[in-house]
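Okay, here we've got a single chain as structure tokens, the form predicted alone, with questions on binding and movement later.
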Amino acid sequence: MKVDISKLLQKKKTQILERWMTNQMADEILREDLISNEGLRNQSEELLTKLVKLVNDKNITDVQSPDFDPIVEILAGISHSRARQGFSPRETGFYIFSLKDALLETLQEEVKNDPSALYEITLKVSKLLDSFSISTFETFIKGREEVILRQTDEIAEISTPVIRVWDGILALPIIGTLDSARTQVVMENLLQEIVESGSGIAILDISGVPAVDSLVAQHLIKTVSATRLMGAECIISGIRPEIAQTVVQLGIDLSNIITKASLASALKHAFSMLRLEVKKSTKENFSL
């Protein structure tokens, strides 16, 4: 007996949708905090309606058929949306696999009296849905990569703030690993702020840098050199004992750079360079 997949799916569309929704709702990983039940049903119904409309006995064996482009487009939109919302790969993959289960369960009920035909149509549907699953997963990963890259850029901007701590004095606390890309961001932000503020002293605080190797040291030296080319002096603060030992062991020459153990010491030195003196007042002023 030959099974007309198009007619069968049209006939059992409502049953398949309900079964699919039941499969999704029964799973423990369902994220109701990220998508409502109504939103999930509308999303599922749109995809199933398009699948039922497009699939037929001729294209079901051709997973690359242009007929399925609208379905791939819908899945791409769902994948990108879920990547931005914070769904996991497993949660997104289960969305398609639960549809596959609903389809196969329906086929088993409808073609149970013909094992040969059931095997044939089950194989075709499985291959088609597996192809959709791969496409969905690939798009989801690309969406996650885009989110991660955007967040990385945002974090890089946030983690390199140039602070005007005093008139003529800038401070740039560096937290995390200092690589070539980040050094470029640090340098650009610092030089731009020097131009805008007209500051003559810049403090690079590396208290938050976990380790300093020869590469990190070279990045610091480049930043100091660029700062000096702009007419400003640079002080490196946050030189912890272990960092000092590492610098000595690696034979890195920082003798031409002013270094201090803490940001407070660096700021005090900057005051002396500008011939400023900060005194603690014992006089208490009260205003009513």
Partner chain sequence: MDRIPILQMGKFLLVTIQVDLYDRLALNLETDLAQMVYKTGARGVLIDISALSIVDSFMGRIIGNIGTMSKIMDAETVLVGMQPAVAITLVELGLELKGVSTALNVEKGMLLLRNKIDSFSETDIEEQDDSSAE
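Numbering follows the first chain given and starts at 1. Just so it is clear, the model here is predicted, and its values are computed rather than measured.
Keep in mind the form predicted together with the partner chain is missing from the figure; the text below concerns it.
K.L.:
State the residue from Gln108, Thr177, Ser214, Gln184 whose non-hydrogen atoms include one within 4.5 Å of the partner chain in the predicted complex.
P.N.:
Of the listed residues, the single hit is Gln184.
K.L.:
Going by heavy atom distances of 4.5 angstroms or less, which of Ser131, Ser88, Ser207, Gln192 would be at the interface with the partner chain in the predicted complex?
P.N.:
Of Ser131, Ser88, Ser207, Gln192, the residue with a heavy atom within 4.5 Å of the partner chain in the predicted complex is Gln192.
K.L.:
Could you tell me if Gly200 has a non-hydrogen atom within 4.5 Å of the partner chain in the predicted complex?
P.N.:
It does: once the partner chain is placed as it appears in the predicted complex, Gly200 has a heavy atom within 4.5 Å of it.
K.L.:
With a 4.5 Å heavy atom cut-off, would you call Leu229 a contact of the partner chain in the predicted complex?
P.N.:
Yes, Leu229 is a contact residue.
K.L.:
Are any of the heavy atoms in Asp153 no more than 4.5 Å from a heavy atom of the partner chain in the predicted complex?
P.N.:
So Asp153 does not count as contacting the partner chain.
K.L.:
Lys222 near the partner chain in the predicted complex, any heavy atom under 4.5 Å?
P.N.:
Lys222: contacts the partner chain in the predicted complex.
K.L.:
Using a 4.5 Å heavy atom cut-off, indicate which stretch of 38-46, 247-255, 230-238, 53-61 touches the partner chain in the predicted complex.
P.N.:
That would be stretch 230-238.
K.L.:
Note that the partner chain is not shown here; using its position in the predicted complex, name the residues of 79-100 with a heavy atom within 4.5 Å of it, in sequence order.
P.N.:
Contacting residues: none.
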